[in-house]
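Only one chain is included here, represented as structure tokens and corresponding to the form predicted alone.
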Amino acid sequence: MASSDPNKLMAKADKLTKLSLTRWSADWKSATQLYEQAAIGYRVAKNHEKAKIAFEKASKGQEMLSSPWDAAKHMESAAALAKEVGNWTEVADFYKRASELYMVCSRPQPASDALAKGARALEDAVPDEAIQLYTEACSILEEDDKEQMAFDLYRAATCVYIKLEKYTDAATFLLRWGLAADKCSATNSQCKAYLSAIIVYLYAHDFKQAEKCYNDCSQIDVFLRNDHGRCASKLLSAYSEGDIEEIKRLGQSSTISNLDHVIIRLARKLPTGEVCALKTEAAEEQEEPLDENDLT
């Protein structure tokens, strides 16, 4: 049937949105319906590129009709098709736009979800962009006081950072997760996040930062009295004493075995650097320095 040909539907819709001597205003209502029909037709025919363009135009039409929710839905469909054709720039742009449209509807949860979908789609191809989208998705939920809904996003972003070997960034994001968990009284998640951050610093062989992180987290009583806090303390003590066997034993402990898999893998590889040097440094710091000017 001629009217079901998506190419003809697109041509007719485009004509309805263009002004001319005989058409003084665009008929967005009719055009949008045609774009939607064409998009479905292209998608069924697995013509992903044309379906993507049709959904993008349908989204624009819904915007013109003051229907941001439907516009967001169509933009998400366009983003999914952009992924199919490997256009990573459009994947990011379309999911961001969908998120903005959901926010126009005052719907932060789907706005965050749209960014998370984009991040997952980009993890392998453009991991740095994926991290940015995960971060923005977390921010939306944090601003809406729904931190608990963001836990999977904190976890996902941390995993990408670790894959990229950006350990300082991974630890920073884990501490952000800990703070979010504290706000919603998720004590277990909070303590897990803090211990995980310390493990990441140790894996990166940054003992000083791991120690500083532990000291900061220990200001929070619930961590200090928790199994995770005690495990962190034992780990740092083992490093200070150069006790490789104790470090390995703790890496196999039940406390660490209950952390996220990506953190468990790091913990099981500890120690990654020379720990005897840490023992020497600790001993030197404890010795009283000789003051050559003091002859008494």
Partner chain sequence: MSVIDILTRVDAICKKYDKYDVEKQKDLNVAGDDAFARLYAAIEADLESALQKAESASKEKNKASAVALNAEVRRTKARLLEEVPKLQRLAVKKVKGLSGEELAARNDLVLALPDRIQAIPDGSAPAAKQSGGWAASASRTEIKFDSDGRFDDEYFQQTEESSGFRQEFEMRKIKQDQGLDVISEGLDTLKNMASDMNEELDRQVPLMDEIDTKVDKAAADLKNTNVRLKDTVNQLRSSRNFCIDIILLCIILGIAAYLYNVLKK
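Positions refer to the first chain, counted from 1. Since the model is a prediction, treat every value here as computed from it, not as a measurement.
The protein also exists as the form predicted together with the partner chain; that form is not presented, and the subsequent description refers to it.
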Any of the heavy atoms of residue 254 lying within 4.5 Å of the partner chain in the predicted complex?
yes
Please determine whether residue 189 contacts the partner chain in the predicted complex, using a 4.5 Å cut-off between heavy atoms.
yes
Quick one: does residue 218 come within 4.5 Å of the partner chain in the predicted complex, counting heavy atoms only?
no
Give a yes/no on whether residue 149 approaches the partner chain to within 4.5 Å in the predicted complex, heavy atoms considered.
yes
Check each of 227, 27, 246, 49 and return the one that places a heavy atom within 4.5 angstroms of the partner chain in the predicted complex.
227
Which single stretch, out of 193-201, 150-158, 77-85, 126-134, brings residue heavy atoms within 4.5 Å of the partner chain in the predicted complex?
150-158
